[in-house]
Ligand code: GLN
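Just the one chain here, the form predicted alone, laid out as structure tokens.
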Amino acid sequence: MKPIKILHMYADMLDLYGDSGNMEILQYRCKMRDIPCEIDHYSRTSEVPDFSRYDLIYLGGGADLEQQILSTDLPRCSDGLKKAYADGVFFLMICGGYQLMGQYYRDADGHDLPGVGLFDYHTIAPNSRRKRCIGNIVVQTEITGEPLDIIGFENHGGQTSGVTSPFGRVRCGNGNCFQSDIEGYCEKNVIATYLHGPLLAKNPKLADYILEYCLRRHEDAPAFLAPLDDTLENECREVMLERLLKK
């Protein structure tokens, strides 16, 4: 079986709230099923790779300083990332990574950082850095084909507008903007969200959706993923959902 190939971009700078743990979860869930999984890393000192040769491209979260630095490197990746998206590569983007793939990010000082322009949304931060969307959040998505509650933690000042295809509906928390009804951006091969946690540790069904998508790109892929024992994860999820949604 060909390995699932993942490119983790800027792992040295975009790891807010342990976002790199998302890659550990995907590796673990592959290992438990004897599915080979390879993770390469891209940084500012790397040669620009052929992004289309990967099944998944991942960017984690970072603060304004990291985004300012990375916005100067992203232009050399822009064409390759756009081609990978058109070729059906899966994109998973958290917080700062979410913002950088849009049209632009305007920071708290009013400076516009150009994004890759992969998607039409844009993000503007409030003038005060004390104004932030912070706390646990629950988003209901239907990306898996049925309603699924996604649990995470948000901490962002940026307010993202222009989203035409959200990741899901906010059940608890803020979302793309203060007291928003929607959160993130989503297509069949794109998940962009403000949810830290790490996201995939708290949401195993979402992790498996991503793995299934990646596997379907391979001719020798198994027809379905063997189920794993997620009893502990699901019990933890029930506790959190009961607490946050006050069932």
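Just count from 1 along the sequence shown to find any residue number. Since the structure is predicted, the reported quantities are computational estimates derived from the model, not experimental observations.
Although it is not shown, the form predicted in complex with the named molecule is what the next lines describe.
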Item to check | Exercise: residue 38 in contact with the named molecule in the predicted complex, heavy atom 4.5 Å | outcome: no
Checklist entry - residue 157 near the named molecule in the predicted complex, any heavy atom under 4.5 Å? => result yes
Item to check | Interface membership of residue 64, the named molecule in the predicted complex, 4.5 Å heavy atom rule | outcome: yes
Next on the checklist: Against the named molecule in the predicted complex, would residue 95 count as a contact residue? Criterion: heavy atoms within 4.5 Å.
Outcome noted: yes
Item to check | the named molecule in the predicted complex: contacting segment from 97 to 105, 170 to 178, 138 to 146, 72 to 80, heavy atom within 4.5 Å | outcome: 97 to 105
Item to check | Site test, 17, 132 and 196 vs the named molecule in the predicted complex, non-hydrogen atom cutoff 4.5 Å | outcome: yes
